[in-house]
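Presented as structure tokens, the chain that follows is alone, the form predicted on its own.
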């Protein structure tokens, strides 16, 4: 494909959302676009999959309430969330974190028409919120981490939504900042919403968020996800967890959308979470760090190229290329059947801020990542 054709290709998809670009990559062997887990099973995970007939029979014979309790108990405790409200029906199992997000958004808009949202973050969050009619105001990441939110902002919105660890930057709201943010939300009667879907990749994000939220006493909701962690062919659960004082119609809207998730998937989540707590998370962290080092090593030394998220441990890696549009790089890589994500759509309030950055998914086989990084290096070296 010639340069003029690449520009035409990139222009054709410049307004596509990130999930649409991920969809284009699903059939490619060199799919580094979506953040789902697509690496090989570990030895202990393969044992779980080999026991699927037994797990199926057990799931069919066990009351769903027990399966849900065991699944979210194993999952939350593996991630250090010991004070999560598992005993009083405040943990709802959803098909995915996006479904949990849709339910939460539809509940929030019954009372709230303006929300402050972290910027940048994955674009399906602002798309879902805007889709139900909520007006969004950006919270820049540096402000979130460095200072109290302005009173003027909190007085103008009914909710604050934060992703931690953030996608794509990997930045984590630490315990002190979460406590202060929750205090501010309580003082202004603002609902604090968190998306913690990438928590499993970063020990810094595994302090007990629920202990903090319950102690402070603000109104809150948390979206959790299992789909980024384990290569289960997208068999996953998203959890929607809420405070007792939220006073939004979450349960009713949940019942509008689904009855519950598969008992078999709940059983899989329980077993994979127990495996993670028994050394699986440490294995995952080492694997992701190896892949990050491979990508950085293959691209090291290229003029104008940098890695903006040097301290990230998440399963994605941003690469910034000065003087080259991210959509043009995306199109050139796609011509070689390599799929990544351009980052302009993460910057939902100001897309130009992400116009020189692409995102690699790291939860892939190491040799695949190495090959894709070499292809990117060749494209950038050729200009």
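Residue numbers count along the first chain shown, from 1. As the structure is a prediction and not an experimental result, all values here were calculated from the model.
What comes next is about the form predicted in complex with another copy of the chain, which does not appear here.
Site annotation in the predicted complex: the residue of 171, 236, 271, 292 reaching within 4.5 Å of another copy of the chain with a heavy atom is 236. For the candidate set 156, 232, 298, 206, a heavy atom within 4.5 Å of another copy of the chain in the predicted complex is found for exactly one residue, namely 232. Heavy atoms within 4.5 Å of another copy of the chain in the predicted complex are found in exactly one of 74 to 82, 173 to 181, 278 to 286, 88 to 96, that being 88 to 96. By the criterion of a heavy atom within 4.5 Å, residue 49 is counted among the residues contacting another copy of the chain in the predicted complex. Contact between residue 27 and another copy of the chain in the predicted complex is found at the 4.5 Å heavy atom cutoff. At the 4.5 Å threshold, heavy atoms of residue 352 stay clear of another copy of the chain in the predicted complex, well away from it.
Under a 4.5 angstroms non-hydrogen atom cutoff, another copy of the chain in the predicted complex lacks residue 135 among its neighbouring residues. Contacts between 21 to 43 and another copy of the chain, taken as any heavy atom within 4.5 Å in the predicted complex, involve 22, 23, 26, 27, 34, 36, 38, 41.
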